[in-house]
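Quick setup: the structure tokens below cover two forms of a single protein chain, split into structure 1 and structure 2.
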Structure 1
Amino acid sequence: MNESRIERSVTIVVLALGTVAALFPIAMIIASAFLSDNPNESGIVWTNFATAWDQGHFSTYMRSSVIVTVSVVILATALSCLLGYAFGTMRFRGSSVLFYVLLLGLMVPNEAIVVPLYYQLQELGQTNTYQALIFPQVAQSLAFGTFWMRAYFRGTSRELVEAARLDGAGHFRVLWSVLLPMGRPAIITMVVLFSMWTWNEFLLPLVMIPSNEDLRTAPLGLTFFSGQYTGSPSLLAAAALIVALPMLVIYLIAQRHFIRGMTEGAVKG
């Protein structure tokens, strides 16, 4: 009994220390965003956000990030569901080899492909375009998405699928009307992960958008803004919160399904 209490106390202390360590930098940024850089000025300064928004051109950068993120999430989710359904429910020659070849995308770091990819897209005249941001990000997301949805489809009830097929449902009807509605937690978890990865991507926009300022994404714009206002920690903190806010809102909206999907995995859906 005493050991159990000791273990419980140690666990609580470790969790508390971990929580403080994780939240302390975020709390410092939030506090700094609402303070003035002038030590003689006290109180909450709401104008930091408006100043950072205007001077950092974040209306343009946020628009680019929204266009890229929405496009990537829609394309990557649709293709992942189709590929996951094919690999998870169909048996065809070479399916295992194709699946493991596709999984190589999980093992290749962005740094290894971004420079060769830049020269290939430059030859095609696609740098400084949305296509240069969207299609490589979709390709990078497909490996995980296919793996995730394949696990979900392989864990679904075979009897339910066979019953739908006996009622005359084809593959598309089984996928759209039977399996996808049941897999809402797995799909929402995948969508949230795709959104965060795409929104926070920095290296790909930095290389693929060398000169078109209107196509810079929010994290890339934040970097240029940081270079201009290194002497104003409050404006930098406000700009960082502006860039992080959309993903925070998406996570809060989808947290119930996201946590369920992460704890159960894609197997149970």
Structure 2
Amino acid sequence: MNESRIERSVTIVVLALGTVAALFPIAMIIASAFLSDNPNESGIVWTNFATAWDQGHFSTYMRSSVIVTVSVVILATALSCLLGYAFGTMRFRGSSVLFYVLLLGLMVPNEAIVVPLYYQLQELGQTNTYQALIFPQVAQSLAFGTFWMRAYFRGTSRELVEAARLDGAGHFRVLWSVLLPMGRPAIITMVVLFSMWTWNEFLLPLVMIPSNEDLRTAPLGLTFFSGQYTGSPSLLAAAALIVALPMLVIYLIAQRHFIRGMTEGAVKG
């Protein structure tokens, strides 16, 4: 089909505008992270990152973020696979009621539970700990993970599973050696989503870590940094880049795969 020249130009303009609009704020941050705050100093400045890293205690914050994110992703992925396997391939008494409970978990925002959870954990002396950051995030991720993995397990071939069973594989072996390796694309998409949600989470660490500075996560650290360095846009930009970079890198690596998985899964699930 021929497209009219006008329409083709409009399309190109939309593509260009969309790209610029999506990238401008990020490009601006990158640009100013490499400039000096002193207008007389020109050229690329690398020291902003080192200064922000040191003065902002980002080695501590990043370590804390990595510990929390890795723990959440491992726990949430493992539990989601187990849950999804059970809900996707087995029939058992109460499965529909339990599934509705999970549905509830998918719809309850963490704003609703973070405050009562804080007071519960405070009573047990568990605020200002890693577990206070890890387990609530796992619980928040499980509902989605179960839906996601259940959809995957439902789509797997029954013949294959039955063949494995005939060869004497137990149900756990079917899960571990047959279905999970085949489900790598679905699992990777889920892992990328879990990583982003956990890394970027802000309210939970804000509430759960009222006083232990060593456990602050990177996004939380950034807000304290921005409060202290309002007069230094370049340092703030460098700090913001430090916080954003790990997820940008993960996204770039997983991007092709991830967008496909997400759009397919979102619609299927």
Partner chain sequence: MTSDSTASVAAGGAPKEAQPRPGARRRHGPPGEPRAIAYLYILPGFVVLTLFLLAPLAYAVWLSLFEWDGLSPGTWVGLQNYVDVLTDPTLRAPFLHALVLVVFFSLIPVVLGLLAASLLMRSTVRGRGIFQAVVFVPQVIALTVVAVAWKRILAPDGPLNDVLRAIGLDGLARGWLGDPDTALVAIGIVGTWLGAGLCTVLFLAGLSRMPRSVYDAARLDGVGFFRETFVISLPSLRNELAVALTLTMVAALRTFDLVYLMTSGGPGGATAVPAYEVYMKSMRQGEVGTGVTIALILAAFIMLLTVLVNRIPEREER
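Throughout, rigid core stands for the largest set of C-alpha atoms superposing within 1.5 Å between the two forms. All residue numbers here refer to structure 1's sequence, counted from 1. All values reported here derive from a predicted model rather than from experimental measurement.
Between the two displayed forms of this chain, it is structure 1 that matches the form predicted alone. The two forms, fitted on the rigid core, differ between the two structures by 2 Å or more at the CA of residue 253. Positional change of residue 23 between the two structures stays under 2 Å at the C-alpha, relative to the superposed core. The shift recorded for the CA atom of residue 11 between the two structures is 3.6 Å, with superposition on the rigid core.
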